[in-house]
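Next comes just one chain, in structure tokens: the form predicted alone.
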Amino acid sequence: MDTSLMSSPGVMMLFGLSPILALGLGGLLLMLAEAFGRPVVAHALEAQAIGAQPAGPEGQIVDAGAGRAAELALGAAVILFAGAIFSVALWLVGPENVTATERVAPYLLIDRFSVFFSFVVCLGGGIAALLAGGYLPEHRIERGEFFPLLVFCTLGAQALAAAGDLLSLFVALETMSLGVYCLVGLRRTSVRASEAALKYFLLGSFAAALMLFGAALLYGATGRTDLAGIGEAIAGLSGDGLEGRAAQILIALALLIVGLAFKVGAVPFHMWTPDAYEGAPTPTTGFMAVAVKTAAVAVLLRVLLVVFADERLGSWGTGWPPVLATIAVLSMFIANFIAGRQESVKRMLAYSSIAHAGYVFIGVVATSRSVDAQASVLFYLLTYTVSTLGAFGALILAGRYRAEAVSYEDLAGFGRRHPAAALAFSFFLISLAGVPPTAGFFGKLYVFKAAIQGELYWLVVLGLINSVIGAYYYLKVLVFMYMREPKPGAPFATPMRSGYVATALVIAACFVLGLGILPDTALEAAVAAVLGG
């Protein structure tokens, strides 16, 4: 191999940007494949002419992507997993050794922190693409645009984790969010899906506006848009300069926390979450629960630990730690209690994701006192991603067309009729509950350990109490599957058959089990990825 070519700044820059370029170029190719491909009218038996875009018996529109979910899903999964592989390759080489990427700084920061999150969101996106490859054709949602949208949403999440400037941060946030709004409303004939998409769009736009106002205030107070420069300017304020700008900075801090807490889905900014999660197609719900939340936490860490790193803003008297601690406690208690009262399994998982945002925020709060807290948050998000997508994937597997697992009652006796599918569902729910030796157990363990190191004992106690509360509604699913029988004449779930869904579950299960048995490797990577590491 010509080493001079590999040492070329242009080649090195392409290599440093390869995870992002893989998704950007791959998404464009997928758009062409979806637009110019020949439709396969798998379910529109009454269609008379492809060019006329007729409606099938279920009311769906037959377009160029109709009936091609399997091949488009495979293409999307290859693109997204390629992004994850490029992230691993860049990690092994070392982003710090690829100095050519400094040309795109501060708009994109190619460091171990962003590369770690790039791997996590690409992994989550790839699993979601496989789940959609089985779910969409099974449930007669012949919308080929799902897969390019999924790729570009993941691209936005990648860029958001790498954003080092307020401008690139906002562009990446909207790139991710606009695609997700469309994915939520994919089921056009469903009133519930349209309502969920509209509610998410309106509230999401409001949250984005708040963040934009906060960014404007920071620019007005410091004259900078790059995050590091803003942090340095704030740290340098004192005397009269601080007195005149303190209000601006504190209001900007509050606005940015509110906007990002909305994207994370934390209480009290969670109003959109249950309806959006329930109305969206289940693969979209899984993707939203992991990729959107992960990217939002990544940029939250950057904002808090770079922009507002000054000890005055990181103190428990005048800073952000008590605010996030309050959000964490509210998210855990409110979401867990409401989740325990749900009759819909999908809605229960929605509230479960809100509770997990509370656990993540414990780790974020601990970053103000513990050096290990950042790594614990990164490791938790990795374990949460594979466990949550596995749970949603098992829910997809548990229900074929018109025999979906919607409520707990639908799963009554499921374990005896279909033991393999029930075992998969049980495995991922146990991981979400934090039972050893699964990944979920070590995710919570490291977050609580970091909080103990920071002497946040009261947060750890409240987190443990909520872990016990959360175990109730996870175990409730197992009780219905293995210890209840369906009522006479009542509908019950019947598993679907899909190689795509099965493959996605195997990948997720390997990560859940591997991170549970051998967590040290991933934890060491998380330690190496922390900001400033």
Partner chain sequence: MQLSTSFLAQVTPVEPSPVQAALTQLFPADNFVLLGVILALPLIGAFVNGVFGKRLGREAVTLMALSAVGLSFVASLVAFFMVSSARVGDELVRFQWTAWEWFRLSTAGDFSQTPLNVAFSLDALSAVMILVITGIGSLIHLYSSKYMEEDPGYYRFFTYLNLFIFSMLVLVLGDSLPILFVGWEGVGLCSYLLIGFWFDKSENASAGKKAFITNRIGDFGLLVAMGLLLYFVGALDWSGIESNKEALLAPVKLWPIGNEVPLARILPEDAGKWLNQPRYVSGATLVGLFLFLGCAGKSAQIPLYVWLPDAMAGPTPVSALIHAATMVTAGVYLMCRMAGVFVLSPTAMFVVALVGGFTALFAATIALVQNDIKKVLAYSTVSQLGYMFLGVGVGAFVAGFFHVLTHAFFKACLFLGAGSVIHAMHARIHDTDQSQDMRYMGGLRKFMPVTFLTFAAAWAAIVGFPLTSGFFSKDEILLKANTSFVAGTSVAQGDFTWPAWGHWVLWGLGAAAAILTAFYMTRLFIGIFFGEFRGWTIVRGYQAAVHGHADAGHGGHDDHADEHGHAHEQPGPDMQGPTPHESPWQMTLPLVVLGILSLAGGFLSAHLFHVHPLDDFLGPVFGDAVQRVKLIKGHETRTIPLVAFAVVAFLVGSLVAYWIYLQAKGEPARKLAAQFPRLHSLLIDKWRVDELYEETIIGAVDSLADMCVWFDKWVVDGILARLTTAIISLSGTALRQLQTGRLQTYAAAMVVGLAGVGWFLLTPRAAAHTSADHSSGRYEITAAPGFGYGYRWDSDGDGQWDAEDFGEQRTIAFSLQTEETRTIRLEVRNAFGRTAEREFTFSRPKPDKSGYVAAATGVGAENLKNAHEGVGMKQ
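Positions refer to the first chain, counted from 1. Just so it is clear, the structure is predicted and the values come from calculations on it, not from any experiment.
Omitted from view is the form predicted in complex with the partner chain, to which the following refers.
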- Note on the structure: Of Trp91, Trp272, Phe81, Tyr401, the only residue with a heavy atom within 4.5 Å of the partner chain in the model of the complex is Trp272
- Task: Sort through Glu343, Glu455, Glu102, Glu96 and report the residue having a heavy atom within 4.5 Å of the partner chain in the model of the complex.
- Result: Glu343
- Tell me the stretch among 197-205, 131-139, 412-420, 425-433 that has any heavy atom within 4.5 angstroms of the partner chain in the model of the complex. 197-205
- Message: Even though the partner isn't displayed, in the model of the complex is Tyr351 close enough to the partner chain, meaning a heavy atom within 4.5 Å?
- Response: yes
- Message: How about Asp310 - does it come within 4.5 Å of the partner chain in the model of the complex, if we only consider non-hydrogen atoms?
- Response: yes
- Quick one: is Met288 in contact with the partner chain in the model of the complex, heavy atoms, 4.5 Å cut-off? no
- Message: Under a 4.5 Å heavy atom criterion, is Ile469 part of the interface with the partner chain in the model of the complex?
- Response: yes
- Task: Could you list the residues in 308-334 that come within 4.5 Å of the partner chain in the model of the complex, counting only heavy atoms and keeping sequence order?
- Result: Asp310, Glu311, Arg312, Leu313, Ser315, Gly317, Thr318, Gly319, Pro322, Val323, Ile334
